[in-house]
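Okay, so here's just one chain, in structure tokens, the form predicted alone.
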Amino acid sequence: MINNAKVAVVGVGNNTSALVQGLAYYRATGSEVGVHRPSIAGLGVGDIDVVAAFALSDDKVGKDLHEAIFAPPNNVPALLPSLPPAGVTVQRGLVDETGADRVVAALAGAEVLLYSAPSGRPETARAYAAAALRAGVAFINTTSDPVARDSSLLDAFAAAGLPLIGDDLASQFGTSVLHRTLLRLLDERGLTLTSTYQVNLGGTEDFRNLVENPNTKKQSKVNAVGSDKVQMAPLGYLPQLRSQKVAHINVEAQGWAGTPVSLEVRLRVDDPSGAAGVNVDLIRVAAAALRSGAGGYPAEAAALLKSPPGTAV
């Protein structure tokens, strides 16, 4: 019998809604549509139990998780007609290191802490990482705030035999993945890149937050694309897009004898679903590493992140 991975989540926003709904969906249907890796270390997509959740919104704290994931401003569409109560009550999260003892106690029974709060709060991200270290659980940082790129934190997790994964997840099929692939194709075919840019528009609260607090996000996207010639337009928040993201990519290059090559691509995806498709793998990678006693950074997580250890902050 499979011993399900036990995960606690920080942040009950759209990404958590897509993940939690998806776990129920795959358990109910047995489908493998949209699944990158059906099994990791014997853990299937549905073999994950959420055992604790933390949020700051008064509209979510104190509610059952399956109710809280639909509370505004979340706008991910429902994947199933209904969800039974999760049996997990959303707890008040941290705003700083105050209350860390409470979080550590709430992590009893968890194996992995998934940090899925908004980017731009590095002190809070590190406070949760420190709580995970004290509680003896693996930590995943899905934001662009530097946590796994903090060498002192990484060393501490490695010494404790605990996995530390981050930073900034790369969406299952998002702008960064597509842009990097296009630039790699140019290089493989011998074309010379002259300029390239990307524009990203979205309607989730995460987009709104990133517009107001861009901080490390731009550098993280440059890390993901892998070229310092990329120009990143400021992120645009358009609430009418709801959970959708629309991206535009332009690539200008030169071919034989300097002849011009120009490429324009438009991508439209459900942004939280793209995050869930990666988080489900990161959770299983973290749980498997924890169970095997492998502390520090699991190398197989690198392809799922924009800014793994060793990249610029």
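Keep in mind that what you see is a predicted model, and the values were worked out from it rather than measured. A residue's number is simply how far along the shown sequence it sits, counting from 1.
The next section is about a form of this same protein that is not shown, the form predicted together with a small molecule.
Original post:
Given that the partner is absent here, does Leu169 sit within 4.5 Å of the small molecule in the predicted complex, heavy atoms only?
Top reply: Heavy-atom contact with the small molecule at 4.5 Å: present for Leu169.
**OP:** Answer with yes or no whether Asp150 is in contact with the small molecule in the predicted complex, where contact means some heavy atom within 4.5 Å.
**Re:** Residue-level check for Asp150: no, no contact with the small molecule.
**OP:** Examine Phe139 and determine whether its closest non-hydrogen atom to the small molecule in the predicted complex is within 4.5 angstroms.
**Re:** Judged by the heavy-atom cut-off of 4.5 Å, Phe139 is well away from the small molecule in the predicted complex.
Original post:
Would Arg126 count as touching the small molecule in the predicted complex under a 4.5 Å heavy atom rule?
Top reply: Contact check for Arg126: no, nothing within 4.5 Å of the small molecule in the predicted complex.
Original post:
Among the candidate residues Val95, Leu201, Ala160, Val211, which is the single one with a non-hydrogen atom no more than 4.5 Å from the small molecule in the predicted complex?
Top reply: Only one listed residue qualifies here, and that residue is Val95.
Subject >> Among 104-112, 79-87, 185-193, 139-147, the region lying within 4.5 Å of the small molecule in the predicted complex by heavy atom distance >> reply: That would be 139-147.
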